[in-house]
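Have a look below at one chain only, the form predicted on its own, in structure tokens format.
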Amino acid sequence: MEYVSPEGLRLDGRRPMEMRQIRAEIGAVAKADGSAVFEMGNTKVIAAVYGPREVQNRSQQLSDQALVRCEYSMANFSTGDRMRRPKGDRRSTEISLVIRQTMEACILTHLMPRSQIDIFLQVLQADGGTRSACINAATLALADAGIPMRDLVTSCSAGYLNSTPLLDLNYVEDSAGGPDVTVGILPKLDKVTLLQMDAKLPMDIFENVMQLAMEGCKAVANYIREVLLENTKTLEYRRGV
């Protein structure tokens, strides 16, 4: 199948280095300490953060830092197929772990010892890049909850199909079986917190694909900063500052 036309366009009309449209909204869950909805094209994710609060299971309490917990799930209606996913299946557990480790790299856990922070993520619509969308949603929700962080952590994927590096893969491209790289970075510190790849790539091509994914992460970071700034202005306006 041809994923990039001779004119240089992908199946959804984008250029190889073009991201899908991103959209975000803060404060989607009223009862949570922080929450956000994040969309990357047709992929839509909701995140809710509770904490820092008292550790529910005392045996898990850490005396020198906060305990970060993460739960990822997909709504049964998020994909076109009518497949019921059991709660806590292997894929969800693995993605929960990946997101938790990525978020732990940016949260200043040592400032909140003997407490826990819970991050809940649910995919409402899945069209490729759910892992990246979840990390971006979690970053916004943590910022909304006022949890101290070293930097925003943002994520994006890139792949290699028809001998062309492609930014921000959708489901059809993701399912093609080509190599795809998911990257998470701390943009201001210029550090990588997540790197996952599910196929082999020659080193020179890998560098190009990873660089492309990092450019995507930086674009997401700029957008998230704009959303947070806009949200702050709205709050100031409401308080009459």
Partner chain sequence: MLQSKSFVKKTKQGRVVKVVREHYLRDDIYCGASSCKVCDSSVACLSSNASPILIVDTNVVLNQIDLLENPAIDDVVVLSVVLDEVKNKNISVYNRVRALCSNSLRKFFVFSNEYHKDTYVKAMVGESPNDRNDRAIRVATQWYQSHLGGRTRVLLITNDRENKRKATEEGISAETIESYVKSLGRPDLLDLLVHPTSGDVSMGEVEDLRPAKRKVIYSEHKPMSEITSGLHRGIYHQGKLRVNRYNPFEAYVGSESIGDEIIIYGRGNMNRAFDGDIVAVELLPQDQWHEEKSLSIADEEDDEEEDVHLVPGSADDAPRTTNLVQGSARDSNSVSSRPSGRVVGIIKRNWHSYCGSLEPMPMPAGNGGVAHALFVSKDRRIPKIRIQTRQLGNLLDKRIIVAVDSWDCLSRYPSGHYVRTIGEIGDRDTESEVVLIENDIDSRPFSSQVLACLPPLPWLVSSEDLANPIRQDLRHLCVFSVDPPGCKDIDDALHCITLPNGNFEVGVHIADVTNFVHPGTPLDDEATQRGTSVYLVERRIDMLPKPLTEDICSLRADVERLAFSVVWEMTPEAEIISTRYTKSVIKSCAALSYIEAQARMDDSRLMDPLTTDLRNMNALAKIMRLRRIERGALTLASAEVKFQIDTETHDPLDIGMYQIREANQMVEEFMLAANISVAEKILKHFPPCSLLRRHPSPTREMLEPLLRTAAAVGLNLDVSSSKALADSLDCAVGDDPYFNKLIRILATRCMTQAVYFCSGDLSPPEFCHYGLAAPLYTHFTSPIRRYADVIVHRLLAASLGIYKLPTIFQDRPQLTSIADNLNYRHRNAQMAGPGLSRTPYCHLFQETADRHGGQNSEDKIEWLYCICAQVWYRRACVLDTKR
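Numbering follows the first chain given and starts at 1. None of the values given here were measured: they were computed from a predicted structure.
Keep in mind that the form predicted together with its partner chain is missing from the display, and what follows is about it.
- Let me know the one among D64, D190, D204, D198 whose heavy atoms come within 4.5 Å of its partner chain in the model of the complex, would you? Checking each option against its partner chain in the model of the complex, the one that comes within 4.5 Å is D204.
- Task: Evaluate N222 for contact with its partner chain in the model of the complex, applying a 4.5 angstroms cut-off between non-hydrogen atoms, and reply yes or no.
- Result: No - in the model of the complex, heavy atoms of N222 and its partner chain never come within 4.5 Å of each other.
Using heavy atoms and a 4.5 Å limit, would one call K218 a contact residue for its partner chain in the model of the complex? Because no heavy atom of K218 falls inside 4.5 Å of its partner chain in the model of the complex, the answer is no.
query = For M210, is any heavy atom within 4.5 Å of its partner chain in the model of the complex, or not?
reply = Judged by the heavy-atom cut-off of 4.5 Å, M210 is well away from its partner chain in the model of the complex.
Answer for V172 alone: is it within 4.5 Å of its partner chain in the model of the complex, judged on heavy atom distances?
Yes.
> When you measure heavy atoms, are E7, L11 and R20 every one within 4.5 angstroms of its partner chain in the model of the complex?
Replying inline: Affirmative, all three are within 4.5 Å.
Let me know which residues along 41-62 have a heavy atom within 4.5 Å of its partner chain in the model of the complex, or say none if there are none. Read in sequence order, the residues that approach its partner chain (within 4.5 Å, in the model of the complex) are G41, N42.
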